[in-house]
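Shown next as structure tokens: one chain only, the form predicted on its own.
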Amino acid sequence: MSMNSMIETRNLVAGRWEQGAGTVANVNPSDLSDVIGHHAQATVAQLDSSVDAARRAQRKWWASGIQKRHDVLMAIGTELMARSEEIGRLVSREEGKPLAEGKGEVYRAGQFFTYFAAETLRQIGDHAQSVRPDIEIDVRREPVGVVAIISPWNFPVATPAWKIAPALAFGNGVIWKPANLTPASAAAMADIIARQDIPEGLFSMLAGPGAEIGQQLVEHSGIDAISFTGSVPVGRGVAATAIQNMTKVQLEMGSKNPIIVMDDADLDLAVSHCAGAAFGGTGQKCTAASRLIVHEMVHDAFVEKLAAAARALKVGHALEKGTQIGPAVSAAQLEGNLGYVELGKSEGAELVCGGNRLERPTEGYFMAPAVFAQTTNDMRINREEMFAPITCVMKAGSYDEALTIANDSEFGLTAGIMTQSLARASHFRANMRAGTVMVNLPTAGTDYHVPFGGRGASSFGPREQGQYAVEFYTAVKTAYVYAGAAE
């Protein structure tokens, strides 16, 4: 694909690629002169026909058996991995993450499909003895039905993959609404899925504004479950709407992830992990570390080293060799980022470095990674998810104080500690109120075969990924069978 090729993407409606109600432009945030293409916006009628088709197709898909589902998922995953460079370049071009990260994301998406391909064959059930004579009991799992998947722009291939793969593996139909900011890579993955030997209409992809097509999707009585990744306010709205139809929901929402740096930490390792977690992906990760709680004995040295690391990061075009930090994804995102910089200064925080918009050879949404020091946990920059290359350092006089600060948040997705003390690490693992805890590792970076999710306002519903995904994408049935008295 040439850099100047125009991608006119359509929606996959009940097994057919269709135009919609107008289009939206897809612009490269690294180079605003590069219009990647235009993407069709779905209509409510297309949504209705997709749901109807999915309900019909889902029954055929479930009846096709586990070997068929295994083979289809394996084929999807294998193609994603084989095409990770091509599709990864597309991800980087439209989302703005450095090329290596774009390629890695697509390869990981393929791994989700091959993992869940294997899960289709792991169909070991539960058997129980009845308290009554001559009755057999078994417990089995069946598909929940038709699943609506609403995914964000920051991981436009990986996040939907870890939802679509288990949905299909466990026999469900899927209606996917991708983010409008990243339609081309979404369409590329949808095309791979649509070309498989699956019942027509089993899988549909419908793009459109969240307030319109997204709202219609969560209100639809033909949807049995909704898996959503996005902001807390939208997630709350999804849950409030879904309960009207008693629709099952799984919500992955906001975060404000802390890393505690203790006085016994390897300081250079701590700086490396904190900088990577704070600024990697331009801070546009739900696992980004935006609160750094540092022991007073190493605070000043840490801030000095972190600022130096932030200044050394190369910010530039996502496809340019050597780029470590790409642009913000959109004008609105950059405006919000710069707004948080001004907010931090107005709250009395010390802006140690960065926080300004950068000029590059191409016009894009570039900004210098920012480090705030002299912050307190009651400041808005330490309470609200910024989704920006901004991190805030707080000083703590002891481990207990650091843990108290870390837990003082409505969120609880990931959290980390840098220490050489086994006792502190063990206590942290047991007492940090987060769904995922890291010891001497960054808060960003998780594996695909184990559960992922948080506590508080970060997550709601069953965990995603790994064997735990079965909880959301299936319904449990208990069967009692009278076997008759033996003669």
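Start at 1 and count along the sequence shown; that's the residue number. It should be emphasised that the depicted structure is a prediction, and the values quoted were computed from it without experimental measurement.
The protein also exists as the form predicted in complex with a small molecule; that form is not presented, and the subsequent description refers to it.
Novice: Which of these stretches, 145 to 153, 364 to 372, 399 to 407, 87 to 95, has heavy atoms within 4.5 Å of the small molecule in the model of the complex?
Specialist: Contact-bearing stretch, as computed: 145 to 153.
Novice: Report whether the minimum heavy atom distance between residue 238 and the small molecule in the model of the complex is within 4.5 Å.
Specialist: Yes, residue 238 sits close enough to the small molecule in the model of the complex that at least one of its heavy atoms falls within 4.5 Å.
Novice: Answer yes if any heavy atom of residue 112 is within 4.5 Å of a heavy atom of the small molecule in the model of the complex; otherwise answer no.
Specialist: Close contact is absent here: in the model of the complex, residue 112 is far from the small molecule, nothing within 4.5 Å, heavy atoms only.
Novice: Given that the partner is absent here, does residue 177 sit within 4.5 Å of the small molecule in the model of the complex, heavy atoms only?
Specialist: Contact with the small molecule, yes.
Novice: Looking at the partner-bound form in the model of the complex, is residue 215 within 4.5 Å of the small molecule by any heavy atom?
Specialist: Yes, residue 215 sits close enough to the small molecule in the model of the complex that at least one of its heavy atoms falls within 4.5 Å.
Novice: Looking at 270, 167, 286, 381, which has any heavy atom no more than 4.5 Å from the small molecule in the model of the complex?
Specialist: In short, 286.
Novice: Pick from 234, 192, 72, 99: which residue has any heavy atom within 4.5 angstroms of the small molecule in the model of the complex?
Specialist: Checked against the cut-off, the match is 234.
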